[in-house]
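Heads up, the chain below is alone and in the form predicted on its own; it's given as structure tokens.
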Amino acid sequence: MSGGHAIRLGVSLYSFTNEFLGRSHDLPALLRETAARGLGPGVEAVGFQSFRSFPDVTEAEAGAFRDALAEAGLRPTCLGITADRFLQPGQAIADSELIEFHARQMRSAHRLGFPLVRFQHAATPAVIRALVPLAESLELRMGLEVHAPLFLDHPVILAYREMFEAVGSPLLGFIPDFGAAARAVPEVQTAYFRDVLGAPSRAVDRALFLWHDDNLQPLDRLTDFAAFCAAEGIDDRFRDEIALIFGIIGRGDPARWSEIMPQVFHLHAKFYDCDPQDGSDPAIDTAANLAPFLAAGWQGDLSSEWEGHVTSRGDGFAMVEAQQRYLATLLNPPARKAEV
């Protein structure tokens, strides 16, 4: 590709949640449609969403998935695994159990043919450190998703950065999620709060004000919003739905991705909408998020990840097609004509 980078396009099947949950497409049909529309060749999946026998995927299910990928001319890039201390409601499991829970998911990722797993910060550095020998035996890379509301200078992420440095394993790295470095709350979400839920405008306006307040930490925004809702008599249902914006959309500076560049394994091009004129997302500046990687000549896979299904019944395939047309202009800009 031009510009000295080697960024390969692909898609997260999470983008097609509406199609999957609506049962218009099963997993093989998602793969066929992805290939037919040219949205691969890279395919990312979420373990518990895509595979019935997860976290202990059977060889039969794994073989069927590998065959479906091969038939469609696609290749696996990343599998999302889950950190859940509350497998039993109200009862937290010990580190030893969480390590084994991750190990089961990692073995399944290997069986399915994925070279990389995306893990969540809730795992804790101690748990991930203990899993390095297994990762080495499986030749499986492990990427921490840098996801809102946390960013690179949050104590939780800093603890992982310190652990990575101490361990020095080439199998430990990061997966930046562009939603952690957004410029606005997606309009599709605020429209949903106002027009579908019927939430009071004063509650939506207050949440937007707090989201844009850079003097507040993520937890402070949530606490302040909860206090506002209590004082204003806002129904808990509206409070809980609107508070979603504090957890999935962050205000990080995309230029700072360069700080972890050498350890970046994979990219999540999170988006919610596409401008009808140029395909850009009004809420997440995809160009600004990509810029550090293009400048560094980064090599790896990028997954289009449409999360608009959280508040929309839109067509995931159409949205990913639109984003990938836009991404193509960023990755391969037309050559400038020589000046006369």
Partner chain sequence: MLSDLLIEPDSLVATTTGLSLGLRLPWYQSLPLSTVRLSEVAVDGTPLSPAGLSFTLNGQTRPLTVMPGLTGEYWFVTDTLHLHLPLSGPRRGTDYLCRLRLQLFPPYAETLRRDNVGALRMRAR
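Numbering follows the first chain given and starts at 1. Note that the structure is a prediction, hence the values are computed from the model and not measured.
Below, we turn to the form predicted in complex with its partner chain, even though it does not appear here.
At a distance threshold of 4.5 angstroms between non-hydrogen atoms, H266 is out of contact with its partner chain in the predicted complex.
Though the partner is left out of this view, D84 does reach within 4.5 Å of its partner chain in the predicted complex, counting heavy atoms only.
Its partner chain in the predicted complex is not approached by T58, whose heavy atoms all lie more than 4.5 angstroms from it. In the predicted complex, its partner chain sits within 4.5 Å of a heavy atom of Q49.
Contact here is defined as any heavy atom lying within 4.5 Å of its partner chain in the predicted complex, and by that definition each of Y14, L21 and Q120 is a contact residue. Just one of A296, A70, A287, V310 comes within 4.5 Å of its partner chain in the predicted complex, counting any heavy atom, and that one is V310. Though its partner chain is absent from this view, in the predicted complex it lies within 4.5 Å of a heavy atom of just one residue from D240, E165, D253, E139, which is D240. Note that among 151 to 159, 120 to 128, 200 to 208, 255 to 263, the stretch whose heavy atoms approach its partner chain to within 4.5 Å in the predicted complex is 120 to 128.
No residues of 253 to 270 lie near its partner chain in the predicted complex, the criterion being any heavy atom within 4.5 Å.
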